[in-house]
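Just the one chain here, laid out as structure tokens, in the form predicted on its own.
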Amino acid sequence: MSSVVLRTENVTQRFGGLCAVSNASIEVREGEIVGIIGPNGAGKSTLFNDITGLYTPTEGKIYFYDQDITGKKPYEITKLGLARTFQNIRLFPTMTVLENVMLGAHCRTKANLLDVVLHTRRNKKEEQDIRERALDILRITELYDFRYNYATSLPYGMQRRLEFARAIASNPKILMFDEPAAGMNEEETQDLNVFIKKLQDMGYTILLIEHDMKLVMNICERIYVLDHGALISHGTPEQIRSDPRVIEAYLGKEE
């Protein structure tokens, strides 16, 4: 069995009197595609924010390759090898496609402020390496032909793909996608399906939140289901599809 690369232990997140996540324990194994689903307001993005350091859990622990990352800053977690995208596209509109991807790689640079100011040999070498890596990523993500376009000039589906490219540039071990199919049409979603499987074939481990059940059932090997902040089910797509608790959470209990 593949090793566990990410796990949460009884993570709870409270905001005043509201409990957004309650005792959530999940694990992601190397090379998997794992999904987190649930109705709106179920606590999915809150759990993502806990894992990636935007929030500090009220209770519980988060481990990345057995290292306790609970409460670490987002940039520290990114440097360890965990990259994410957000539900709302967060590109830099005044930068080109290439510049957006290059920005994603700067968490790995070793040049200091003096190197940058003086344009030292080390700084120039790092910038050249980052540029070459960014161009390679754009080829992989089929965005190379648009490398000098402004990011926001791309169609919506390609802007999403650019976000993925920027996340890949940070050289992550795990990619976390927050509703990657949001706002996509059927053709774009099908392209996304193929693309995420391609990322898995390249060796990436993927954890995603998604409302598109067809996409989730097609690509995820295991799925966790949240409802009102609590995990109510976990299993394969086949098990989740037939679980009465999941059906009730999405459709409501009959009167």
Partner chain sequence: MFLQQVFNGLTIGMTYALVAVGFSMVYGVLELANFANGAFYILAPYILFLMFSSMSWGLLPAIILAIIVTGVVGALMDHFILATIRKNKAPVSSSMVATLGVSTVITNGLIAIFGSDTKPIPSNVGIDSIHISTAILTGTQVLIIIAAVIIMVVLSLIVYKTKLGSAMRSIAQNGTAARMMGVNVNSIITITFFIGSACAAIAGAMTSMYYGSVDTMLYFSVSVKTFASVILGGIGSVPGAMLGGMLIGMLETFITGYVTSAYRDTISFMIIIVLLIVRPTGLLGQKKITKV
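Worth saying up front: this structure is predicted, and the values here are computed from it rather than measured. Positions refer to the first chain, counted from 1.
Note that the form predicted together with its partner chain isn't included here; everything after this is about it.
Checklist entry - Closest heavy atom of residue 121 to its partner chain in the model of the complex, within 4.5 Å or not? => result Output for residue 121 is no: heavy atoms all beyond 4.5 Å of its partner chain.
Next on the checklist: With a cut-off of 4.5 Å between heavy atoms, is residue 88 one of the residues that contacts its partner chain in the model of the complex?
Outcome noted: Yes, residue 88 sits close enough to its partner chain in the model of the complex that at least one of its heavy atoms falls within 4.5 Å.
Next on the checklist: My question is simply whether residue 55 lines the interface with its partner chain in the model of the complex - judged by any non-hydrogen atom within 4.5 Å.
Outcome noted: Yes, residue 55 is a contact residue.
Checklist entry - Is the gap between residue 84 and its partner chain in the model of the complex 4.5 Å or less for some heavy atom pair? => result The answer is yes: residue 84 has a heavy atom within 4.5 Å of its partner chain.
Item to check | Which of 201 to 209, 46 to 54, 226 to 234, 31 to 39 lines the interface with its partner chain in the model of the complex (heavy atom within 4.5 Å) | outcome: One stretch meets the cut-off, namely 46 to 54.
Checklist entry - Relative to its partner chain in the model of the complex, which residues of 15 to 34 have a heavy atom no more than 4.5 Å away? => result Going through 15 to 34 in order - heavy atoms within 4.5 Å of its partner chain in the model of the complex - there is one hit, 15.
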